[in-house]
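A lone chain, given as structure tokens: the form predicted alone.
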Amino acid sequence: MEKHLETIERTLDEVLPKGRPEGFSEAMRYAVGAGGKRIRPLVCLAAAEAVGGAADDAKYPAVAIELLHNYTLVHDDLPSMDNDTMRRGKPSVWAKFGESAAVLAGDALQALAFGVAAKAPRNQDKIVAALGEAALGVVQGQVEDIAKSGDTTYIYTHKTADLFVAAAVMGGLAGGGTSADIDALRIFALNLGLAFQFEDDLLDGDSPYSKEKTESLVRETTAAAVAALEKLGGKTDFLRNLANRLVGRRS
């Protein structure tokens, strides 16, 4: 994992802007470097290996999904959305830099994500399309969440799992995976994303289901994710271990 994390941090530093406008560049770097676990880019790198490719093939798609993820967090925290002044134990971007700067930093992170994704060594069109699908899906999930539609499956699938799916699919495409490989990665990542959200609900104590039902959903979706890996011919230990580590996590 350490090697993958080093790749992610090094590539993030490479692609994020430096210099003018200085405050703006600082806000973008602050948003991305504020203590995230890098789970989605780790999935992307490992997905490339799971289809028989090299993790380095997926470094730009991996960073692209992290940029997109952090754009969603910057905008989620805005006063017009969740009005959160703290993120990962630090002031949120809008609380530190101002609301206008946060909107612009989030917009820039999203735009940068697509340019970075296009730097993949192969299947650039499909990778960018997968990123675009996730970008739309996460917004659709947020709209339903704000509207309090009550459709938990729809909200969790789009607001949370879509980014996991994009991470895995982009990694598989960057690694040269077959159509069957990509299908297996979709199933893996959809269930991983749902398990991640159900576990979050347990940690936050705000699940729409009972504790017992939520724990059962975590186990079911984790098992489905791990089972999907059996269809892949590359190195899958990292993805399998990641899925199992997310169960019962403490943060």
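Each residue number is its position in the shown sequence, starting from 1. In this text the structure is predicted, and so the values were computed from the model without any measurement.
Note that the form predicted together with a further copy of the same chain isn't included here; everything after this is about it.
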property: Residue stretch of 142-150, 159-167, 175-183, 89-97 approaching a further copy of the same chain in the predicted complex, non-hydrogen atom distance within 4.5 Å; result: 142-150
property: Contact test, all of 129, 132 and 136, partner a further copy of the same chain in the predicted complex, heavy atom 4.5 Å; result: yes
property: In the predicted complex, the residue from 42, 55, 28, 218 that sits within 4.5 Å of a further copy of the same chain by heavy atoms; result: 28
property: Any non-hydrogen atom of residue 80 within 4.5 angstroms of a further copy of the same chain in the predicted complex; result: yes
property: is_contact(residue 24, a further copy of the same chain) in the predicted complex, heavy atom dist at most 4.5 Å; result: yes
property: Close approach of residue 17 to a further copy of the same chain in the predicted complex, 4.5 Å, heavy atom; result: yes
